Ligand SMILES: Cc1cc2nc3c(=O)[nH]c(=O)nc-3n(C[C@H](O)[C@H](O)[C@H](O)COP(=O)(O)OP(=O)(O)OC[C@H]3O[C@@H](n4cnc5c(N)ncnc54)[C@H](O)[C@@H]3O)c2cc1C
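Shown next as structure tokens: one chain only, the form predicted alone.
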Amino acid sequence: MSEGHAAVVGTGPNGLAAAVTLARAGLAVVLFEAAPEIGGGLRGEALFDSRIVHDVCSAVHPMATASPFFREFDLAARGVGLAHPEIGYAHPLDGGRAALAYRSLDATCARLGADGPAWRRTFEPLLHHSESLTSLFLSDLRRPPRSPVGALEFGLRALRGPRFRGEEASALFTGVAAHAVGEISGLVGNAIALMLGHLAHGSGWPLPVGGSAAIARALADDITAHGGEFRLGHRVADLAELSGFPVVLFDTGAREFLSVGRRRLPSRYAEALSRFRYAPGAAKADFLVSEPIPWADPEVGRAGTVHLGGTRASMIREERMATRGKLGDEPFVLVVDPGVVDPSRIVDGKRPVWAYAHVPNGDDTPPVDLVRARIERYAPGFSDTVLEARGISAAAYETYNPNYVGGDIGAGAMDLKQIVARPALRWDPYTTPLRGVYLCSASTPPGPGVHGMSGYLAAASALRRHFNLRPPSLAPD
């Protein structure tokens, strides 16, 4: 007996996006979530003070304003505020220096001095093709680009890489490339830096007002408004549990899906999933502090995101070491103080600070002291402001979310092969060899990030193949 038209396993941003799409098409959708609350990487938690919420995974969302899914869904119309810092990201260096990426391209170029013209040549042409480039970058990567000229220009820049003379501009660019996690000096690292970097001068790198969970709540509200049902605290251990649903979409990583479906999956496909490779891990540190981070250059304190990696050469070395399973002395660290742009996150002068360190996959090093030392190097006196701290090692992150294998929050390494064959080589990357069973997680194209496109594209494929339906409008009712 059927329980509904479709089941969605996992309620991260892609699972929620898939369910929104299916429910708006008129299907009866049931979502299964192993955790007691929805959201996956969008969850928030009051760690030290019941009035102050910390983002457990993601905190800053360049794709939330750029993604075709979210552009149509319209977070602002649904009450989700997106706070835009004037400085999207900053990169401190030794000696009190810092490179800053303002939302204004002109201001950024002026700050970079002699490298300003090269920065403009790198990013200004991409801004003219931003919407078509973003649509291509956040697609299934199986269709020709809407703007071949823009795509060609982007590809040539990614192949060549920019040429900067000064340490500041090189570090600023490479810090964005490090979001790729791993080998960042080649084509993939350049492409990530060009895509995210140009968005900083366009649609921005915003933070959701009140925390990332606001995005999950908006998606969930739309699902329930269209008849969807949530079953929380229910971990699906075997595909047979969902036999009552004609269509099932898994917002799970390749390894978790292999575990759930192993008894039914063809051996060749199962073998392909077992070969899926994972990137270095993220070790998370959360701090409750008594005042803003005392950066050596006060301008850094106006940035929404801060990259701590030192010089370009240092970042390339450290990321390469992490890829090879070695923890270096100066791991790359991302830092966010949400109170910089969202005063609601500050209560009685206390504020949350969010930080990740890139470490080897499965590393069990406690991250608090490591991250604290990296911040202290560029913000002397930071330790004196810390009231409370909590760390989650890369190895422990997998316990929080099985999709984060060994702490890989991107759900799979991003290299040329695994960008296209993600998680296995198929023309429709969301289908599996099992009829009616789809993957919709970050282990499918376009990959990691809070963009909802993996969920949306998987749902669109299911609607077309099983119900002969087109994707519905996502606009607010």
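Everything numeric here is computed off the predicted structure, so don't read it as measured data. Heads up: residue numbers just count along the shown sequence, starting at 1.
Same protein, other form: the form predicted in complex with the ligand, not shown, and the subject of what follows.
In the model of the complex, the ligand lies within 4.5 Å of some heavy atom of F32. Though the partner is left out of this view, S67 does not reach within 4.5 Å of the ligand in the model of the complex, counting heavy atoms only. The shortest heavy atom separation between H201 and the ligand in the model of the complex exceeds 4.5 Å. With a 4.5 Å cutoff on heavy atoms, Y404 counts as touching the ligand in the model of the complex. None of V260, L136, L93, A270 but one reaches within 4.5 angstroms of the ligand in the model of the complex through a heavy atom, and that residue is V260. Stretch 233-241 is the contacting one of 72-80, 233-241, 97-105, 370-378, since its residues have non-hydrogen atoms within 4.5 Å of the ligand in the model of the complex. Shown here without the ligand, the chain has F32, E33, A34, A35, G39, G40, G41, R43, V56, C57, S58 in 23-58 lying with a heavy atom within 4.5 Å of that partner in the model of the complex.
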